[in-house]
Ligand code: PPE
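First comes one chain, alone, set out as structure tokens in the form predicted alone.
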Amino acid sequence: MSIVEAKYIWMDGKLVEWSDANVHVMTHALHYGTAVFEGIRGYWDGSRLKVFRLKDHVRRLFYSAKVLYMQIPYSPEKVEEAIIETVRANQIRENCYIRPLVYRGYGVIGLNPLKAPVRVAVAAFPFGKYLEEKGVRCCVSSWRRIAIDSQPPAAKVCGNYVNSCLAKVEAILNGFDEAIFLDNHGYVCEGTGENLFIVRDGVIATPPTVTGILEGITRDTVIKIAKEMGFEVQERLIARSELYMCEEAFFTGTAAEITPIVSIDNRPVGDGSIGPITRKLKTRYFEVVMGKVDKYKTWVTEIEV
């Protein structure tokens, strides 16, 4: 989807004009994918912006950087402050997407990045729905998800997403909305930028982290609220055939939120519409992200704009 430009981007400690937020063409991350990022949602409630699980996203950003041997030159608290400063500076009064990025900058060429400086940027801009709210048509990709002993899929490393781009483009060119990865053992893994859940006989199931999925914050949210609502949730291996036998299926992710899957490989999921459990989870999820559930209010950071 196209980017809606804001006014400022935070770069290395200061706000710069959107059009001036540039990097050198010899930036290491541009050549080798040596960068990590987060995607964070902000929801406008008519008077203030509510940022969902800010601390957890920043914590994962630091984890991802550590995996890639990058020492972020700011504390987690400073990065949180930078995110809030960026949102306020841009006067965002609608639902938005926040993108912190940590990357190896200009200074060296070659596969040893350790002497390249670590740079930090934060962008925040208006953002609507990433996937079709009524449901998406999926295919199982011919590309396998990167193996956990090849690259670290649990970290949000920019270079990992070439794998996702290949699967996404393949799906689009074949007339689908989204792709589903299998892992290197042939078990169901995740979408190109989303975690995956299925429902069979009223039981919710999602692939475990050993399949090479991203440890999704929305995934974690859904598991917690589903259990609170009385649903059984299993983190287990899922065979491809189960995608065709389940009654419901849905994606979760910061961008995707909770998006129902209505068909897989041209087979309808259930009756081909959003299922009752998915619908209940979706309703509860939006109550949580808007800070309407006391138990989860600590997940919401309110910003007056």
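Everything numeric in this text was worked out from a predicted model, so none of it was measured. Just count from 1 along the sequence shown to find any residue number.
Here the subject shifts to the form predicted together with the named molecule, a form of this protein not shown in this document.
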Practice item. Choose from 276-284, 235-243, 43-51, 56-64 the stretch whose residues reach within 4.5 Å of the named molecule in the predicted bound form, heavy atoms counted. Key: 56-64
Revision key, fill the gap. Students should find that, of Ala171, Ala124, Val136, Leu214, the residue having a non-hydrogen atom no more than 4.5 angstroms from the named molecule in the predicted bound form is Leu214
Review point. Looking at Phe231, Phe176, Tyr97, Tyr187, which is the one with a non-hydrogen atom within 4.5 Å of the named molecule in the predicted bound form?
Key: Tyr97
Exercise for review: Give a yes/no on whether Ala255 approaches the named molecule to within 4.5 Å in the predicted bound form, heavy atoms considered.
Suggested key: yes
Practice item. Answer for Lys156 alone: is it within 4.5 Å of the named molecule in the predicted bound form, judged on heavy atom distances? Key: yes
Practice item. Considering only heavy atoms, tell me if Gly270 and the named molecule come within 4.5 Å of each other in the predicted bound form. Key: no
Check your understanding: Arg104 near the named molecule in the predicted bound form, any heavy atom under 4.5 Å?
Key -> no
Check your understanding: Taking the named molecule in the predicted bound form, which residues of 186-218 have any heavy atom within 4.5 Å of it?
Key -> Glu190, Gly191, Thr192, Gly193, Glu194, Asn195, Leu214, Gly216, Ile217, Thr218
